[in-house]
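We begin with a single chain expressed as C-alpha cells, specifically the form predicted alone.
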C-alpha cells in the first residue's frame, strides 16, 4: 500500500500567494532571531575580475517598501563595487526548512544620513565595536590581527571612541526587483519567481 504523504506538505506548497507571504515571514524571523538560518545571507556584487560574494547579517526587513538591508564598513570592497554597479543579489538557505530565497535588486548606500543614523542608534555596542578598527577591512597585515587596538581585544572601547565608529558605519538597503524561491520536498520540489515592476507584483511558478 502506498502511503499518502499529502499531509506532509505545507500549505504554501501549491499556492503562490501563501508562498510569497511565507518568504516575508521567514525574512522577518531571520532579521529578529540570531539562531534563524535566514539571519545571515550571502551578498554578491560585481568585481572587476570575478563575481564577489561574502556573508552579511540581515539587519532590516521592510515588506511594505520591498527592501532588506545589512550593515557594513564604508571602507570595505563591497562598497566600492556597489558604487560601480549597484545591481546585487543576496542568497539565503535554511537547511532544516529546505528553503532557498534569492533576492535581487538595486543597492543604496546610506552613510551619515538619517537612515544610517537610525540604524546606528539601534545597534548594540558590541556591533558598533566592529567599526572602530583603524585600517580598512581587507587591508594586508604582516601578522594575524583583529584590527583592534590591544586594549580593545577583550573589552569595549569607551563611549567616545565607540561613537567614532559611526564615521565608518554604513547601511546598505536593497530595493528588491525580484525574489526567487526554491523549496525542496521528497514528493517534488517547488520553485517560484516574484518580480516587482512599477509597484505591481508578478508571481509565477518555475520548473525546479
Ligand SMILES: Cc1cc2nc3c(=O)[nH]c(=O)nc-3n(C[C@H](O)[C@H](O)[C@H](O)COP(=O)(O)O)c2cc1C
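Just so you know, these numbers come straight off a predicted model, no measurement behind them. Numbering follows the first chain given and starts at 1.
A second form of this protein, the form predicted together with this ligand, is not displayed here; the remarks below concern that form.
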query = Does residue 55 make contact with this ligand in the model of the complex, using a 4.5 Å heavy atom cut-off?
reply = yes
Contact flag, residue 76 vs this ligand in the model of the complex, heavy atom cut 4.5 Å = yes
request  = Evaluate residue 128 for contact with this ligand in the model of the complex, applying a 4.5 angstroms cut-off between non-hydrogen atoms, and reply yes or no.
outcome  = no
key: Interface segment, criterion being heavy atoms within 4.5 Å of this ligand in the model of the complex, picked from 143-151, 160-168, 64-72, 28-36   = 64-72
